[in-house]
Ligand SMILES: NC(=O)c1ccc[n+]([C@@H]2O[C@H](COP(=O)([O-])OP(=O)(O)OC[C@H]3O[C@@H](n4cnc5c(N)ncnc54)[C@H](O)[C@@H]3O)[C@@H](O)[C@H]2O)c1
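Only one chain is shown below, in structure tokens, and it's the form predicted alone.
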Amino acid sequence: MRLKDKVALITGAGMGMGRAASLLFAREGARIAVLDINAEAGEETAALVRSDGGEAAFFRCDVGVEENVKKSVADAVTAFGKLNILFNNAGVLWRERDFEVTRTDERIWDRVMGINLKGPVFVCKYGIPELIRQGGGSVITTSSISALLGYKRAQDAYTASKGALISLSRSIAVVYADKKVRSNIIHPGFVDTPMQKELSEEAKQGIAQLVPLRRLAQPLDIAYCALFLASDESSYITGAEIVVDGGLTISGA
């Protein structure tokens, strides 16, 4: 019960890392505000939490639209009475549309930025005041090892958005520290989620061989890191970046 009596708002909670975190956080005592643009997936996550003995409510939300986020945060507070944890997990990686800067269409660039960067901004804009009302809380944001490395096969809108999240998280950590709001970043490596659906099993195995631990991450690998950052066990950690990639970024692969 590491999150007993806490309420966690998790974006992109309909599948992958967001679903894993929703289930894990609930098992550790949190009530979960499940946010996702995909109503079917989000409702399924909330139902899975409830069937596992937890408490969850789904709120359909396009995080790239400010009014959507404002309403979802307000509805979550109405449902649960408070917020203690914000997990900015929603994100998109469009390999078939997001290329190097010379080839990426402006509409794609803007939409990626809207979801990956403006989404966390809006969640923090409306969510942080709720954390402050509770005497503080934890903001966790999913970035990527793409923010730390360059790849020959570029997804420059994705990479730029994830890099910007580092600076945003650091600023939040400093600005709201006196309000007992902590802000930290997780940099996942390759995680076996629906975001990687276009990769063949052969391609996944090839990537896994580049990872020192010789496997792709599973959603729970990231969720457990988020759980630590959400809990009081990390009460002296803010402005930090935690790389969860099986050693890939230090291997020189």
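Position 1 is the first residue in the sequence shown; the rest follow in order. Because the structure is predicted, anything quoted here is derived from the model rather than measured.
Keep in mind that the form predicted together with the named molecule is missing from the display, and what follows is about it.
This chain appears without its partner; in the predicted complex, the one residue of Leu23, Ile242, Leu229, Met15 with a heavy atom within 4.5 Å of the named molecule is Met15. With the partner omitted from this view, the residue of Ala57, Ile37, Cys225, Val211 that lies near the named molecule in the predicted complex is Ile37 [heavy atom within 4.5 Å]. Using a 4.5 angstroms limit between non-hydrogen atoms, Tyr158 touches the named molecule in the predicted complex. Using a 4.5 angstroms threshold between heavy atoms, Cys61 counts as touching the named molecule in the predicted complex. At the 4.5 Å threshold, heavy atoms of Gly91 reach the named molecule in the predicted complex. Gln196 belongs to the set of residues with a heavy atom inside 4.5 Å of the named molecule in the predicted complex.
Note that among 158-166, 96-104, 77-85, 122-130, the stretch whose heavy atoms approach the named molecule to within 4.5 Å in the predicted complex is 158-166. Proximity of Lys118, Gly136 and Ser183 to the named molecule in the predicted complex is absent: no residue of the three has a non-hydrogen atom within 4.5 angstroms. Residues Thr142, Ser143, Ser144, Tyr158, Lys162 are the members of 130-163 with a non-hydrogen atom no more than 4.5 angstroms from the named molecule in the predicted complex.
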